[in-house]
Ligand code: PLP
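Next comes just one chain, in structure tokens: the form predicted on its own.
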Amino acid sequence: MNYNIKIEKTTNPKVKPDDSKLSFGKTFTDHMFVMDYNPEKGWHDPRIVPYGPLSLDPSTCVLHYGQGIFEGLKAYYTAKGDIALFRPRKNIERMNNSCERMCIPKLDEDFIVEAIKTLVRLEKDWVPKAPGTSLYIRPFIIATDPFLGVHPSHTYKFLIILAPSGAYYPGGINPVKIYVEDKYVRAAQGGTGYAKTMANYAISLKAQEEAEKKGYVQVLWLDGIKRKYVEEVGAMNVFFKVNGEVITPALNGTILPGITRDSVIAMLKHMNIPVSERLITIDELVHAAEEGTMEEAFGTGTAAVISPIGELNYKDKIYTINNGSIGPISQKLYDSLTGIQYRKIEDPFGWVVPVE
């Protein structure tokens, strides 16, 4: 593949926001990366152009049948005074797994990492410097054939957009309250649960909306067949510390294989903290909460890194975890992982990738 990326710089740069006023996903940088696919040329014409609207035919495939995928990662202004990425290759590997499931042509992983670096280098002044802030990176692919009919598209568009984002915990880490969903289903064996495809998130909206009405910020999903086994929390993987051991649901095709999840498991092993991946029933967790052996619970994801869980609601019964406070393992993982990401502490895993 031609690694030459054409760059067209904007003639109308935006006013950059104040680092202290950043939210998530509402402000976008001056440029975006674009690349196209057709059967004759494969992936071709990689370019960086001014950020702006896309022109799509009303019959474009993705608008009707949802054939599209995305990823999410971050760039950080580090304590060393440079800009770095965190395990970007893992995101592109996962994107290719999503491509395979959604009948989308795979990407050259080395080239996409280089494309991300090139775009971030161009937009380096957009990387916020305030503590806890970052530049969110959203690669995505949409099917672009103009047709009505259920079969894979022949053409695709790959894009990367960037959004400077504020600190997830500007006022300190506050544990979240989670509603255990036993009516609606997010994924089932043989489906797309492990892929980062758009439809998975649309499916979750109804349960999320109903949980929010009850005062809960996230939904803990159970398996789609027996409504018995714990899977994941909204946009996060989930961990529980029970009787001194950290447990997390095993990847079984219905759970997104999170990059932060994988990092946390590696860090726990590095810290000599017992950790296992296995089937976990909601009844097991309820019993542990009732017996007082549920010591901590937390979610993991790109946005929050570590999100401690202070309360579970299952069948309208409330179970408080660690008195509703962040636990020592959750705090240690958050400090260690963000310390590596921002290059404040040593990176023994080789996860940090400098942009320049």
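These numbers were taken from a predicted model, which means no experiment stands behind them. All residue numbers refer to positions in the sequence shown, first residue = 1.
Heads up, the form predicted together with ligand PLP isn't pictured, but that's what we're talking about next.
Asker: Can all three of Ala235, Leu256 and Thr302 be found with a heavy atom no more than 4.5 Å from ligand PLP in the model of the complex?
Answerer: Verified in the model of the complex; spot residues all in contact, yes.
Asker: Ligand PLP isn't shown here, but in the model of the complex, which of 194 to 202, 209 to 217, 123 to 131, 273 to 281 has heavy atoms within 4.5 Å of it?
Answerer: This holds for exactly one stretch, 194 to 202.
Asker: Since only the chain is shown here, I'm wondering whether Lys241 would be in contact with ligand PLP in the model of the complex (any heavy atom pair within 4.5 Å).
Answerer: Lys241: no, not in contact with ligand PLP in the model of the complex.
Asker: Under a 4.5 Å heavy atom criterion, is Thr260 part of the interface with ligand PLP in the model of the complex?
Answerer: Looking in the model of the complex, residue contacts with ligand PLP include Thr260, since a heavy atom lies within 4.5 Å.
Asker: Flag Arg94 as yes or no: does it have a non-hydrogen atom within 4.5 angstroms of any non-hydrogen atom of ligand PLP in the model of the complex?
Answerer: Yes.
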